[in-house]
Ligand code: KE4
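Here's a solo chain for you in structure tokens, the form predicted on its own.
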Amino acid sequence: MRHTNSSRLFAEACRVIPGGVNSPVRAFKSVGLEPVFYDRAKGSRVWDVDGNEYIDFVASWGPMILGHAPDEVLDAVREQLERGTSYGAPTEVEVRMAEAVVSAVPSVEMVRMVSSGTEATMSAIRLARGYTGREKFIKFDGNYHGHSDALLCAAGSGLVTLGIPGTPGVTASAIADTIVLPYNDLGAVSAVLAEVGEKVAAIILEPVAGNMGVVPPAEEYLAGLRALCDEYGVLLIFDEVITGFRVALGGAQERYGVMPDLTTLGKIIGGGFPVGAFGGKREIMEHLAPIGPVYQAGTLSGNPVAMIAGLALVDALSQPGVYDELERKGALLESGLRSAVRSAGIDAYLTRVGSMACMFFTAETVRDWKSASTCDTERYARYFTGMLDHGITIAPSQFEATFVGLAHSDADIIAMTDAAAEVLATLYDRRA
């Protein structure tokens, strides 16, 4: 495929935007290419500025579960645009959206809208500290919770994709109270809490890791964390920015039946617009200003355009049979990828939870960042390039998810897995 216009735009962008992109993982740096610039999208398809058409399995990194530019969301947004785009004042639609989140997410009794997933996780940690009066918290190696200072260590996809071990600008004091442990290792958590449990305000994790590839929780892992938190008076925070409304209407907590104290959400609840949220038990949430002492604010929080888009999306996802269909499509994707791996005779480890999946280029069983880091990222880069040449978009990083949505037809999914079979067959010289 020709990418002449993308190359021109990238050169122009590099003069005025650091690295030519406004989010590092868009740079295609780890796959050795220049980024493709998009022009438009509809349903399961995206078109770049050179007119090339692709079947899209990135889905704006997850939230486009209905597909791109769904009519029900567009219609709602058009109506809101005529009323205004931002007021800096309360609106009815943010009340309705909050009610929808509370109704859908099992553990959430109250919710505060914000503008991004990073803001949601940052605020949830602050609230947990304010509520418990404790300062330390536990996160897990390879879990990404946004780019606030205290959370930006051992943080998964974006950093490891670019080979950045942490980041300059985050001081030692900023992460002094951050305890990083291996994912899916309940014993490590138990040992730390036995030593300093009275100082730990919260444990935050992706209940299904989506930023070191898709890594499901080990059996009884989430339930074990819940029990340990109860034992030591620690708040359990599920970062469901990726899994919320994706693996079930109520997120991973509904799918696995384990209830956190606080939940963070983002991306998908805005129907494609910038948004985030955090919510949980009423007793905890009422520690937020203006009724409590923990301060959090934002001019664009509860933006009416994002709220009306999110409300339309949640209404569509609430219809009967939606998640059964997503499960079926996810299973079709998984089956096709497994067949492609077998036919190519290669070593790869596949995971799937609902409509999110990952193919790890390793013979290891992937259950944490240590095992995920054994992947052959150079080979993944070649796989990515081959898939792009076949008109299939996947994440330009080994350590991200592949997303299937309601707009994908069975033919789209089969085209993707057929392309994967062709590309994989070219990547391995079995004589080597």
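Start at 1 and count along the sequence shown; that's the residue number. Here the structure is a predicted model, which means the values were calculated and not measured.
This next part talks about the form predicted together with the named molecule, which is not shown.
Options 239 to 247, 253 to 261, 327 to 335, 298 to 306; stretch whose heavy atom lies within 4.5 Å of the named molecule in the predicted complex
Answer to the contact question: 239 to 247.
Interface membership of residue 47, the named molecule in the predicted complex, 4.5 Å heavy atom rule:
Taking the distances in the predicted complex, the answer for residue 47 is no, it never comes within 4.5 Å of the named molecule.
Does residue 413 make contact with the named molecule in the predicted complex, using a 4.5 Å heavy atom cut-off?
The answer is no: residue 413 has no heavy atom within 4.5 Å of the named molecule.
Even though the named molecule is not shown here, does residue 61 get within 4.5 Å of it in the predicted complex, heavy atoms only?
Flag for residue 61 set to yes.
Counting only non-hydrogen atoms and a 4.5 angstroms cut-off, does residue 118 reach the named molecule in the predicted complex?
Because a heavy atom of residue 118 falls inside 4.5 Å of the named molecule in the predicted complex, the answer is yes.
State the residue from 292, 130, 182, 146 whose non-hydrogen atoms include one within 4.5 Å of the named molecule in the predicted complex.
For this set of options, the contacting one is 146.
Sequence-ordered list of residues in 256 to 293 near the named molecule in the predicted complex, where near means a heavy atom within 4.5 Å
The one in contact is 267.
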